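Okay, here we've got a single chain as structure tokens, the form predicted alone, with questions on binding and movement later.
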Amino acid sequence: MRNRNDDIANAMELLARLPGLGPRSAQRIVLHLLRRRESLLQPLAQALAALEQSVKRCGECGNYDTTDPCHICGDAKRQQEVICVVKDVADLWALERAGVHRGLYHVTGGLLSPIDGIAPDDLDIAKLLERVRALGVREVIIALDATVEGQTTAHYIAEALHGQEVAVSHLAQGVPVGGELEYLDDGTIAAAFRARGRMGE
């Protein structure tokens, strides 16, 4: 039979699995929540339960939302002929926060990495190619991390789109080598987005 210590230990163990948290941080969070049951713990538990029930993955772009297609894909005012490719939803949200893109998005779900055994079939690239053809996309903006894996993935996508009537561009100045989009400030993202260049240039 579980006791209160088991419940506390389980909560701390689960929190410690979150990015940027370790056992000590998890312990501090659990204690903080227990001290503020009514004002924080209970509302948080309800919010997480609602999140689990209502949020789903968009079948088009891979974003998280309460609707499928998500509010971005379903917005007729967005530029349907421009798709921005990102590694994950955190990058999509970073670009939306910066307010630099008014087109659609596509989440690959990761980056190519032969060392880690991540091949094209492990990413959502085939769906991207389908969307480009179906929507008559004129430009694909590749907004992937400025890492070896990001560049490898970008070149793979550019090659896959070769021969189609679509411009392929990439983020330019402002993104440092090894930089990840979700950690960049809005101004840096905006500068890189505006100064994007054609792939291969």
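Numbers for residues come from their place in the sequence shown, where the first is 1. It should be emphasised that the depicted structure is a prediction, and the values quoted were computed from it without experimental measurement.
There is another form of this protein, the form predicted in complex with another copy of the chain, and it is not shown here; the text below is about that form.
In short, of 146-154, 161-169, 130-138, 61-69 it is 61-69 that has heavy atoms within 4.5 Å of another copy of the chain in the predicted bound form.
Taking the partner from elsewhere, residue 74 is found to have every heavy atom lying beyond 4.5 Å of another copy of the chain in the predicted bound form. Within 4.5 Å of any heavy atom of another copy of the chain in the predicted bound form lies no heavy atom of residue 190. A residue is said to contact a partner when one of its heavy atoms sits within 4.5 Å of a partner heavy atom; residue 81 fails this definition for another copy of the chain in the predicted bound form, lying far away. For the chain shown alone, residue 120 is not a contact residue for another copy of the chain in the predicted bound form, no non-hydrogen atom being within 4.5 angstroms. Contacts between 48-65 and another copy of the chain, taken as any heavy atom within 4.5 Å in the predicted bound form, involve 48, 49, 50, 51, 52, 54, 55, 56, 64, 65.
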